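Okay, so we've got the same protein chain twice, two forms, each given alone as structure tokens, structure 1 and structure 2.
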Structure 1
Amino acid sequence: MGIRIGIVGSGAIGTYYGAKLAHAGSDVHFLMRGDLSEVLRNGIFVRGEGENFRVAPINCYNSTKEIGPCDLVIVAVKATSNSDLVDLVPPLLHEQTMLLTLQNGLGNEEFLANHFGAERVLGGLCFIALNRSSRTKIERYAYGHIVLGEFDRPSQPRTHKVAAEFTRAAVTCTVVDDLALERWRKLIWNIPLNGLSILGGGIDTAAIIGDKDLRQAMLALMDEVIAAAQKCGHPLPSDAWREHVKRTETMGAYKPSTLQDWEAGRPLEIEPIWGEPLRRAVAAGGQMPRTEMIYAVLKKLDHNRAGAKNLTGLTGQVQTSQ
């Protein structure tokens, strides 16, 4: 018998992998609040090289209470919305429910463990280029695989069961025994490419890797992340940056997720991608000066924009009252 799967966070990642699982016959239930009526009416469309399909009808709801207990809950909300999970997740739990976070950066497994129990928590790293082009359409630009592991312990039989569910849906899924190591491995890409895309004025990966100075800055940041990981006890090889550069060269003009959030006016995932790695490196006696600079600038940009939005909102309220 298959497992009952709940999807919390129906952005590009949650919608794509949920749609892949549902298309393969898995029992998938989406939390979709703002997009509910349109998705119920039209389903979900996925397009990309080698795949072009529609999933309809869709099991989607505007509350987790309507979904009820699941065997596996896939958490794909932005880390900036983690506080919402405290209320959203409990209706989805039974005694053996697994919580799989597909979120970026460090600290998300710890958040789930602190609130719902470490024994429930798994983590997945998504290596894929996606964009949600409308409420019902997902565009996949490049490759796609998941690295899956347990929080703070080696893989378990259930880890392989979850991996098998993804594999059945034509998603390449690798199980690892050291999830923390793989988290740092992905930061080799996330810290420089997401950061430089915004600091460079809203540029894509092709623009970064094709510019001599920005490419050099990217490589220096990659080396810094590898050194920080090693300082924290995660033995990444010194040339681990090579696989990321090679992969980026195949992406084309892709806008990293943080740039997509910035352009859409959404809060940025600054703490898990830059803040938490920096804090852990410093606590271990390391230094990340380039990452620290990006962290400081992004916090300032995000803070200033939030302040401008608040001011605009207040101004709008005053104008309305007049």
Structure 2
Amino acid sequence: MGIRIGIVGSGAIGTYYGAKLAHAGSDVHFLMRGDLSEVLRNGIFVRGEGENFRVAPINCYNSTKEIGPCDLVIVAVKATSNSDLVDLVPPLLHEQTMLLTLQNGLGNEEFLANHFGAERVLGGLCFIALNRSSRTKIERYAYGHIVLGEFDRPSQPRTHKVAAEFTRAAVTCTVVDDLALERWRKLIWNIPLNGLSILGGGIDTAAIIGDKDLRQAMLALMDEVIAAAQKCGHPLPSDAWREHVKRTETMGAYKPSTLQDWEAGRPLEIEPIWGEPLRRAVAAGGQMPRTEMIYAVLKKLDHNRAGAKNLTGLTGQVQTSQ
């Protein structure tokens, strides 16, 4: 018997993985709001290397009450909208419902645990680059795999069951026993590259690693993240930066998600990527001086723009977790 899956967050990440699962025959139910009628009419189109399909009809709804209890709820809202989850999630829960956050950075599992119970919570790191080119169209540019784990405990039989659901949908899914360690490992990349892309005036990864001084700042930040992770009890090896540098050197001129958010006029996910790691490092007696500066500057930039901000349409949005 398949499991009943709810998708909360109809940006590119939630829509893409939900569509993949639905296309593979999983029992998927989407919460949609502005997009509802168009998706009901046309379904969802997915295009990427080796994939090109349409899912229709789509089970979509404009309230979670209409969806009702699910076995697995995939949370893919921007972390800046987490407070909405307090009302959105309860109608989706039965006693055994799993909550899987595919959000960026640190603190999202804790948010779900605090509000809905730690035993429900899993987390996934998405390595993917997507472009939502219209309300109903998703283009995938690179990667696609998920690293999946339980919140604050090793993998369980259910973790592998969830992974199998993704695998069946042709999404590579790796199960890990230490999700927190993997979150920190991903931050080695996100903290410097997402941050410097904004501070540098809107520059891509190639511009950062190709500039002598910015590359040095990036490496110093990577060291800082690794030291902070170690201080917080997550034993990343001291050369864990190597794989990231190597990957970045081959990835071309890539715009980190925060830069994409910035260019699209969306609020920045500042707390999970910089604020929460910084607070944890400081609480553990560590220091993240460079991260602290990025954090302060990004908050100010984000805040100053929030006033002048235009509401952006839903088309042309790009969402990635890199």
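The structure presented is a predicted model; accordingly, all values stated were derived computationally and were not measured. Residue positions are counted from 1 along structure 1's sequence. The term rigid core refers to the most C-alpha atoms you can superpose between the two forms while keeping them within 1.5 Å.
Comparing the two isolated copies of the chain, the first one is the form predicted on its own. Domain rotation between structure 1 and structure 2, with the chain taken as two rigid parts and C-alpha atoms superposed, amounts to 10 degrees for the smaller part. Comparing between structure 1 and structure 2 on a rigid core frame, one finds that T250 has its C-alpha moved by 4.3 Å.
Core superposition places the C-alpha of G202 2.3 Å apart between structure 1 and structure 2.
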